[in-house]
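So this first bit is one chain, no partners, the form predicted on its own, shown in structure tokens.
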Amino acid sequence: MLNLVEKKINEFIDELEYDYIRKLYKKLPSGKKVRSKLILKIANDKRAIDLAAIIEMIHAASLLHDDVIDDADIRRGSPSINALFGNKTAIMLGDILYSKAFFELTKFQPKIAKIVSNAVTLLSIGEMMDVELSKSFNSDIEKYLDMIYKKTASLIEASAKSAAILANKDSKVYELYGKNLGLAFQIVDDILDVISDTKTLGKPAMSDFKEGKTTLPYIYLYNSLDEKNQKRLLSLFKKDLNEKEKMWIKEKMKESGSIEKSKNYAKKLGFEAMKLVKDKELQEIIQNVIERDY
């Protein structure tokens, strides 16, 4: 079914009647399509394929803008569009994908259009919050959770809720399922940034801290340290870390249990979501998210 989603996206791109856009879109590396898998599992019909294609275009647009904001040269192990063609092209391609997605969204019932468009607003606010939080070290877990809810979880939440409406299922149940899935997904991503290598990540390892992103493992670490070590951690914030400095952070995280605490938080969210649905495949989606590549 995922191939049908990709086929539908290509149809949407073809309707724009501009070969350069086709060329640029083909350069985008393919992701895991968690949002599409979720939609197709909840509402397995033609409208679900269209909805999944719209959500994937929105997600791709957000990543294009995200790479420009973060000055990222790599996306999923391949050169980013901004690295290949420049920031202006990346931003314009993102705008085109957003615009086309919203045009196709108008063909759905107003309730679904409102849910998805509101999620995109939250996503954009989350991106702004991320930029603001990166200006200084953030030790507040609630601020972090609010930001990742808006930036990442809101679109996954909207995907699940909209699919449930399409399928005449309990949208409240799937809304909460999607929210927890989205939060767990981002927390696991943040953990992997610390514990995985560059090859596995498809981007430089431990790049979040260098970019000013104080993710959950770093927040737990900071709050566990004495004043002397807190100051040392702060001195490394937004710095291009050498191997010795990376090892110090990893050792302190191991001593403090910061990674395990972060994993347990993601698992708690995942298990809460799994209790909401009886479907084994939806439970497996959660399971795959909270256990991937540890």
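Given the structure is predicted, the values throughout are model-derived calculations rather than measurements. All residue numbers are counted from 1 along the displayed sequence.
Keep in mind the form predicted together with a small molecule is missing from the figure; the text below concerns it.
Kindly indicate whether K151, K203 and K213 are, all three, within 4.5 angstroms of the small molecule in the predicted bound form, using heavy atoms.
Yes: K151, K203 and K213 each sit within 4.5 Å of the small molecule in the predicted bound form.
So, in the predicted bound form, is D66 in contact with the small molecule at a 4.5 angstroms heavy atom limit?
Contact with the small molecule, yes.
Give a yes or no for I195: in the predicted bound form, does one of its heavy atoms lie within 4.5 Å of a heavy atom belonging to the small molecule?
No, I195 sits far enough from the small molecule in the predicted bound form that none of its heavy atoms falls within 4.5 Å.
Is the gap between Y98 and the small molecule in the predicted bound form 4.5 Å or less for some heavy atom pair?
Yes, Y98 sits close enough to the small molecule in the predicted bound form that at least one of its heavy atoms falls within 4.5 Å.
Taking heavy atoms and a 4.5 Å cut-off, does S62 contact the small molecule in the predicted bound form?
Output for S62 is yes: heavy atoms within 4.5 Å of the small molecule.
Exactly one residue in L133, L123, I112, A164 has a non-hydrogen atom within 4.5 Å of the small molecule in the predicted bound form; which is it?
The residue from L133, L123, I112, A164 that makes the contact is L123.
Which one of A52, I58, I42, A266 is close to the small molecule in the predicted bound form, taking close to mean a heavy atom within 4.5 Å?
Of the candidates A52, I58, I42, A266, I58 is the one lying within 4.5 Å of the small molecule in the predicted bound form.
From the candidate stretches 103-111, 173-181, 216-224, 151-159, select the single one in contact with the small molecule in the predicted bound form, where contact means a heavy atom within 4.5 Å.
Heavy atoms within 4.5 Å of the small molecule in the predicted bound form occur in 151-159.
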